[in-house]
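In the block that follows, a single chain appears as structure tokens, in the form predicted alone.
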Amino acid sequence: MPRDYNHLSREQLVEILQRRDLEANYGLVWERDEIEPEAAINHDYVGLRLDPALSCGPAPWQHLVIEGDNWDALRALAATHQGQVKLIYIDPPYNTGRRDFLYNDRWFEKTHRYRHSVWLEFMYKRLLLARELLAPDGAIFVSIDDNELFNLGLLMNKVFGEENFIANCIWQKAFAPKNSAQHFSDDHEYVLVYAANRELWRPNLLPRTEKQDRAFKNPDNDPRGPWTSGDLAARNFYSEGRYPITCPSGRIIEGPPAGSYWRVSKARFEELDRDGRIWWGKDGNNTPRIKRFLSEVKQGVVPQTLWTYEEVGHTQDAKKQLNEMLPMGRNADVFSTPKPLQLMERILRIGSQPGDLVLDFFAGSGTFGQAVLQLNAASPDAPPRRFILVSNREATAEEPEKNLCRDICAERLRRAIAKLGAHPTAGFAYAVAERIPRHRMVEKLPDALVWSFAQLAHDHPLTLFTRPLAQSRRGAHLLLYAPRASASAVRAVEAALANHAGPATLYTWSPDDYAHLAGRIVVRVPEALLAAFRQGTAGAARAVAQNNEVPVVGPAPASL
């Protein structure tokens, strides 16, 4: 419970602060001042420019693939999707020193003096923004291996709070030991799970497997169907849990095994026996066990923290799946350790429901997106999960034309959609994160970026901008964008509103010319975009600003 300091004098408060400053704080510390600044960090406004040539399927698009540094993409999303993402999954660079961590357009070497600190700073900035996006009952799943596991755990505690730790799941990534290993065969990786709020988040039950159901038999032809049996004795103390039992064969069991107790009272035991819920063995002489019927157990099972390759696949599965969808040829080493689709499906089933918005901002080869598409196709009558994937080009001085987002991630999704067949929610918009200096917004902000912002901010599927008026309908809500108040634009807006009785929102650079639209919301451009951009990243900006990195100017403005 917070302490009340209102009754203390100034001198007393100063003494408390001085004493607190001398106390050592427990937590993660890294060399933030000594490391090379990250070139991707900037203070510009970021918008999303749709590219129809690289998008898949006809508009409107439910899914979104963003090309760009995820620092930029996350800032743009924080302005439109704050608190709306139910599940975030990321597979960040593991910082192994084997060309897996690209920093300032070059690969980060294992021998670098500040190897761990640079990685931690890189992750910290992005996780702060990710926290802004999570729904109150959302969760984030992060893949990692031993190189940064312990550092990542402390970093996640710092960002999401130690009290919101859920689990450290072990994924058995290999199906055979590596006999060439110097010490131990490296057979597993981890998936760290944190909730936005542990009290609000609950995992979904996983579907029962045939193997689990095969444990249920019906040797006594019970009309209630297959069953399995559980031990009647337990070690937990139970005041009514010690009494003799007489078997149908006449054998007397004086009591439960030493140090244990019957799980139920004598009266309850006799009631269960009369109802045929006690199994005595085929000859009626066994120690009694309680019958549990398949028809009465939960339709799903609680997730466990050990994920074997039989259940969620292994690395060879992942490579085969990627190669089947997108033959890599000479680029086979581009993704040496992709994740299997089964692993992504496990995470999606645990952390999201049909209709939820899910995000992967280290999308890599697009496995997470393909898993979403497959789950949607398997349940065509359910509301589709919607994905946002962020993938960088990963261009370097040696490979300036390299574009993993366009050529690997988006292309894989395109082929997966073609393989799954036509589905009304399968297409995706392809967008490029575009920076604009804030002081140049009036002259540099294109209409296409305004329209994509408006649609995302109001949870509309994405379409391309059209002149003189862009329109979008989602349910009862009508969204309009008329950049200027030309005569044709005003007539088009009035005509659209005349045929719409529900709520409507108009974005425009000339709000005063639409003041006659009584009862309609008119949003001023570009001021509203800048206000939302500052507010969406306010939480992350405040945390980073404590280290004198990003100035926070003025209070966060009200939301749209």
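Residue positions are given as counts along the sequence shown, with the first one as 1. By rigid core we mean the largest C-alpha set that fits within 1.5 Å across both forms. Just so you know, these numbers come straight off a predicted model, no measurement behind them.
Only in words, not in the display: the form predicted together with a small molecule, which the text now covers.
Contact with the small molecule in the predicted bound form, judged by any heavy atom within 4.5 Å, is made by just one of G427, G351, P288, P92: P92. Here is the short version: of A78, L404, L456, L480, the single residue with a heavy atom within 4.5 Å of the small molecule in the predicted bound form is L404. Using a 4.5 Å cutoff between non-hydrogen atoms, W262 does not count as a contact of the small molecule in the predicted bound form. For G68, a non-hydrogen atom is located within 4.5 Å of the small molecule in the predicted bound form, even though that partner is not displayed. The closest heavy atom approach of S365 to the small molecule in the predicted bound form falls within 4.5 Å.
The small molecule is not drawn, but in the predicted bound form it has no heavy atom within 4.5 Å of Q84. Proximity to the small molecule in the predicted bound form, taken as heavy atoms within 4.5 Å, picks out 92-100 from the listed stretches 480-488, 92-100, 208-216, 194-202. After superposing the rigid core, the Cα of D51 is displaced by less than 2 Å between the shown form and the other one. Superposition of the core reveals a Cα shift of less than 2 Å for D513 between the shown form and the other one.
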